[in-house]
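Only one chain is shown below, in structure tokens, and it's the form predicted alone.
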């Protein structure tokens, strides 16, 4: 297999506020967009001819991925102006595909090992995976190693019909031939088109993987993906590490970053370039910090994702939180993790801290209740308690 089509046109509305200003595939995980990990995994499998289907805020993908040269691949772009489903997206790439090609989502965390098995297959085939929580994905029915039905996710929205235990789901990674293109026109999704192929007597093999495949559906899923990427981080210490700093485990510090005295960092942790950390800052495992971030003294950060150009004032505690780029936190923020119920497309019981969109501004001594989702550019005055969800450009006084 020498060619892949990556579907990266979607918005990801359930991930708001993090997808208001960027496509879902461009959400940053451990210092790089999800899409970049997909492209790098393809390159590691020798697949360098890539057709990238873009749509929502596509300019950001152009700027980040370019021609693909920096990743050792050749990227051709196809635009899906209106997001009308995966079959519509794939049909836009019809003129660019070879006789055989892979199809992958650009907004899932997919490792090279995950792709390897299906990259060696012949069409038609679907990569499947056993999941304990299958209700976000298309559950497939398999008989004698062949797909009997590629069920669409919307069939499983009723909580009463949910089946407990492990199920086999469709990863959205396919090995296809041009013959499938004839089935795209009248179907809303690729699984639906494959059901039509099966109905016509076609054979579709199921290839099972045990390797990493993670979806980001809700804002707190960013933490799961971040943790998965950080488990494979390679320790490297750039910049300036002052005396008295304690570093344990796998920690990556980029160039032009200064880690000031008496900081304690326990990996896996990734810190970008141009940052100023400390003194007397504690960064605990599963934390990623973007570029040009300032973290003031006596602050503790644990299992969190902090975007670029963020400033965190002194004496703050940040646990299990996602803070998007450009946020300004004056100091003494308390974003402590706890179990809570969040309503996004239904109710979800999760253990999480705070989730702040781009450009939020928080005064001193703000308390963020577990599960708070602050819209982009929200302003919170000093000494306030914030909870629930706030729309973009809210003012909390």
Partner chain sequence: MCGIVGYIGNKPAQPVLFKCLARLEYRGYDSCGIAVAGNGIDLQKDRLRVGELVKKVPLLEGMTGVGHTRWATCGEPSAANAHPHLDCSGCIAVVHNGIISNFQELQQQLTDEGHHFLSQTDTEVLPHLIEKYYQGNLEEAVAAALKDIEGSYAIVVLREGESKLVVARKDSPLIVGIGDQENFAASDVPAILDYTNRVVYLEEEDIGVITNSGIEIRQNGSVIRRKEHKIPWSVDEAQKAGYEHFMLKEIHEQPRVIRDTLIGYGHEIAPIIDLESMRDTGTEAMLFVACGTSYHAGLVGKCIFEELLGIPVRVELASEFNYYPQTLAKTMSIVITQSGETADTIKATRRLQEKGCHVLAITNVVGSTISRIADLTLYTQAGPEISVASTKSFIAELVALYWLAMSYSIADIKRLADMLMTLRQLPNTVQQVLDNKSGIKQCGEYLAGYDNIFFIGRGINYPVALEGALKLKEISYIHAEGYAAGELKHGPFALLDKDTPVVAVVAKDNTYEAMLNNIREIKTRGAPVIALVENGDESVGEMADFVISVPKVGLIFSPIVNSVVLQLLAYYAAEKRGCPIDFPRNLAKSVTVE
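No experiment lies behind these values; they were computed from the predicted model shown. Positions refer to the first chain, counted from 1.
Not pictured, yet referred to below: the form predicted in complex with the partner chain.
Of the candidate stretches 337-345, 39-47, 24-32, 351-359, only 351-359 contains residues with a heavy atom within 4.5 Å of the partner chain in the predicted bound form. Of the residues given (141, 280, 256, 98), 256 alone sits with a heavy atom within 4.5 Å of the partner chain in the predicted bound form. A heavy atom within 4.5 Å of the partner chain in the predicted bound form is found for exactly one of 129, 92, 205, 325: 325.
Interface membership of residue 77, defined by any non-hydrogen atom within 4.5 Å of the partner chain in the predicted bound form, is confirmed. Heavy atoms of residue 57 reach within 4.5 Å of the partner chain in the predicted bound form, making it an interface residue. Mapping the unseen interface onto this chain, residue 275 counts among the residues with a heavy atom inside 4.5 Å of the partner chain in the predicted bound form.
Residue contact check for residue 393: one or more of its heavy atoms lie within 4.5 Å of the partner chain in the predicted bound form.
Contacts with the partner chain in the predicted bound form, taken as any heavy atom within 4.5 Å, map within 289-323 to 291, 292, 294, 308, 309, 311.
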